[in-house]
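Next up is one chain by itself, shown in structure tokens, the form predicted alone.
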Amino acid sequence: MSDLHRFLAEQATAVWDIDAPVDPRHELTALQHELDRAGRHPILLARQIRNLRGEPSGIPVVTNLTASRTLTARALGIPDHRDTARWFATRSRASIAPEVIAHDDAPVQQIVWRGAEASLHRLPVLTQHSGEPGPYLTAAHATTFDPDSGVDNTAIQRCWVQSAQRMTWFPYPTTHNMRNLRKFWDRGEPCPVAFWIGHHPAVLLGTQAKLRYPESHWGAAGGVLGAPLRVVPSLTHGEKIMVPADAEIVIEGFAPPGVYSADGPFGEYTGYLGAQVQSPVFDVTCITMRRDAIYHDYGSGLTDMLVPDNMAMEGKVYEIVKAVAPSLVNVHVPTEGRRFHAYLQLRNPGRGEARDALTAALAYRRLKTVIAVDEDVDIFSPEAMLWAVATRVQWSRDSIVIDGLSGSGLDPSIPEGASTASKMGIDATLPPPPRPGAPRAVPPVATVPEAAMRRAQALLQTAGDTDWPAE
């Protein structure tokens, strides 16, 4: 059985167990910003933290859970984080049906709060950035279902805690959850929702798989986990909305029809505060949790939130591009580009194949810039990618600009009122040989003999930890 507790125990050396008091307003997020700047990504576990009543919560907060790409890959059972694209594309499609268990066997329903007891103020919800209106759930997986087919959907969507039993809920307009919400509202009915918080990172990534509509995420989560996900009927909605039995906390209730509230500004994955929007509201009916519950928070706009979804994007982009470009070897969605850039690595692409690959990738809504390189370029190295662009590209020959494609509404560069985006593909692959079997007409890369490299490495080892000037 895989859950958050087991993962933290297995990765104990990567956990910074903070036993000093930590303010839920800004302090943990400030620590994440400092760690990001230093390129360090320990898991943060804050044990002394207050709830929204200002009392000791008794529920610790974990964050930075997925800030390390290496650690996140290890959680999936992938030895090398560079292999996530092919692995994720395969495993998220290798659906494993969930296992339904009874209420008495579900850790997440060990404690049940109803009525006035079911207060959001009893939870240690964080306020992250200056300019935000208050505390937000940032790692809450909203689970709804399509009233026509009964098929459920799960997605991470932010919620601003406005009172003890009401919060906003922002399902982005193009999401499957918003489609489900509108179907209930069109019938004049409140939309049933269950928000679950905290689980093993493999489950968190599996439920971020990009699927068709309607299609349940439980099978994809099982595929990524490599075992059936244990689920249990929610107490408010019964079997219509199942929740992970080994999650930490579940918040159940309804989004009343036609009721909106101002929401935001909020720190988005772009690194900017997103504009205030009108969001549906959600009324709490019940809160359940484990006896030893841990509250999970994502650092919004930080690597903690970017890494897992970017890995899931790599799998989806790999799947899309491989269908038109068999030479595709790997895909990387770098955190430096937020979720707007992707790098494609190709092995001996045929004439026009690099452009086919670029065009296919640019059709993916979130991507705005895609660069294709050969197999000799390390797509996980920003220096190598810049080198390839600097030395293998002529803009008039190797760039593709396409206007009028769908883009992310969170992209701050899109002009106000625009409904489409302008995107660029860059072909940084080497020119193909003039004829089959002929060498490529490019200069050789400057290298040194392997024996000299080994001697240089040995010499560096003798220098130890000498404090030489940084760049």
Partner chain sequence: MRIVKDNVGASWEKRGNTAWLECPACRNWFPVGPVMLRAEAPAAHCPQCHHEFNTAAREPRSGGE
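Only a predicted model underlies this, so the values are computations on that prediction, with no experimental measurement involved. Residue numbers count along the first chain shown, from 1.
From this point on, the text means the form predicted in complex with the partner chain, which you will not see here.
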{"item": "Heavy atom of G131 within 4.5 Å of the partner chain in the model of the complex", "value": "yes"}
{"item": "Exercise: Q278 in contact with the partner chain in the model of the complex, heavy atom 4.5 Å", "value": "yes"}
{"item": "4.5 Å heavy atom contact, E27 and the partner chain in the model of the complex", "value": "no"}
{"item": "In the model of the complex, T359 touching the partner chain (heavy atom, 4.5 Å)", "value": "no"}
{"item": "Heavy atom within 4.5 Å of the partner chain in the model of the complex - the one residue of A390, A262, A102, A97 that qualifies", "value": "A262"}
{"item": "Interface stretch in the model of the complex with the partner chain - options 437-445, 30-38, 56-64, 415-423, non-hydrogen atom within 4.5 Å", "value": "415-423"}
